[in-house]
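One chain comes next, on its own, written as structure tokens: the form predicted alone.
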Amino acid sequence: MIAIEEYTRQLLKDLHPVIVANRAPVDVQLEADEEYRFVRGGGGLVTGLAGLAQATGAVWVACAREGPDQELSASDGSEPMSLQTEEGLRYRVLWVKPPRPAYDLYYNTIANPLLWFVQHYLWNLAEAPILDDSTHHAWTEGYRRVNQLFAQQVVNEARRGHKRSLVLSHDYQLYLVPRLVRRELPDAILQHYVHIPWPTPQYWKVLPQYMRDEIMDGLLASDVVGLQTRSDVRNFLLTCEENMGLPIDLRQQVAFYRGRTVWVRNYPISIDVREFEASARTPAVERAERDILRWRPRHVIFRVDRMDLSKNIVRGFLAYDRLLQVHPEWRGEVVFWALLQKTRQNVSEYREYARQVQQAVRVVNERHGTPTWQPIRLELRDDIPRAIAGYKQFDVLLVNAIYDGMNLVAKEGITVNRRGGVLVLSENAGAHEELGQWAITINPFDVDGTAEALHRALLMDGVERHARAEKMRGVVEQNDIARWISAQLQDLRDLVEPAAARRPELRQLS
């Protein structure tokens, strides 16, 4: 990240950067001796933003969500808190402390499941959602209120500095923040990045007009709106045109609103390739690999996911069931290893889905299993070293998401696997724009098609497997997290601050 740090140092020397995200860059853990321990958070958003925070020295505005977060933040005033992880990474965190009832409405009623379900096309529209006074209450007293608290902290932090502020807000929890900040800081540079898919204008009409208009009004206060894919950019601009009646330019990728030009760009998020490869060589990963080698059969189909409805886990097991029915020669020769984590268990839809996943495993194992072979190996655990060991050992990696903003599993797996592992990839995952040419593409709803894709992947000869894997690995290495950061900063320089583009020292760094 040395080159990125120099680039950002030059670019940001006259700016005060602030990152805004629901989740902090570290997980706070309270040890038995009452000392706090800080571990870098997981997930694609934190993975990407942690590098950006390190490169920019930004203050990170985040929510004190529960437990140790709240206990730690309770002792903190209004100044950013310096937190250092065990790896020596230091972050400056400014906490937002919403009342518990407001946070619950904001996160567990509006953000999840309502917005998440809309943006991943997850609603069974014949039955849900049912929007009523309770939804309006959750919006006004939860989502809107917590966004106001975030914006207040951002403005407070901006006013502490003596430079123009660069505010980088993130994701579906904080769609209202840019407008709220713009009202108080009209000269600030604002970018909002959406990490999840942006659906078609028609699907947004699941939400009542006041809600979707407030979301768009919030986002369009930004100078730049960042999304994962070209398809997301097009859907966003069409939403501006069809749902808001705004003039747009699809070729220039801009929308015009309230006398301002809003640039809309895709920045596909990625991973820190060097760091991830180093993680794959740690003793913990090597121990996990030795364990895998003790039980693995000839072939391993692997998946690692949260038990989110968007990940399409049940259909993946149904496809494997179909594979074993149509191609019984694979019985005893292959294991489908699923390393899964329960998530959002305070939302009823997620609790029910976790039950369905485990039931699907039982059905497949009872139908095809023998005393010496179980077709599906299900592990419910959050174990990063074991996941990385699985990446190194898979013969087939299944990513069959219904819709996904990016899906970093595809990029992580192909980066450290050296077995010529084959990626079976949903055409609706954001990663498909970059990797689909060399993956085996599937429609995530087509169970028989997915079964045949798994069969084709298992049969693929070694030369083709390694050639495809090498191509994908090259793409990930070229478009790594450093490029994700620099592409955004370059656009902020060239689009929002055109005068900066004429400075010779910045031209040389680009």
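Quick caveat, the model's predicted, so the values are computed rather than measured. All residue numbers refer to positions in the sequence shown, first residue = 1.
The next section is about a form of this same protein that is not shown, the form predicted together with a small molecule.
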query: Non-hydrogen atom contact N407 with the small molecule in the predicted complex at 4.5 angstroms; finding: yes
query: Residue contact check: W116 to the small molecule in the predicted complex, 4.5 Å heavy atom; finding: yes
query: Distance check, Q228 to the small molecule in the predicted complex, heavy atom within 4.5 Å; finding: yes
query: is_contact(D223, the small molecule) in the predicted complex, heavy atom dist at most 4.5 Å; finding: no
query: One stretch from 80-88, 377-385, 100-108, 293-301 that, in the predicted complex, holds residues within 4.5 Å of the small molecule by heavy atom; finding: 377-385
query: Residue (of V262, L174, A389, I196) lying close to the small molecule in the predicted complex, criterion heavy atoms within 4.5 Å; finding: I196
query: Contact assignment for the small molecule in the predicted complex, among R418, R306, K163, R351, heavy atom within 4.5 Å; finding: R306
query: Full three-residue contact with the small molecule in the predicted complex, heavy atom 4.5 Å, for I269, K311 and E412; finding: yes
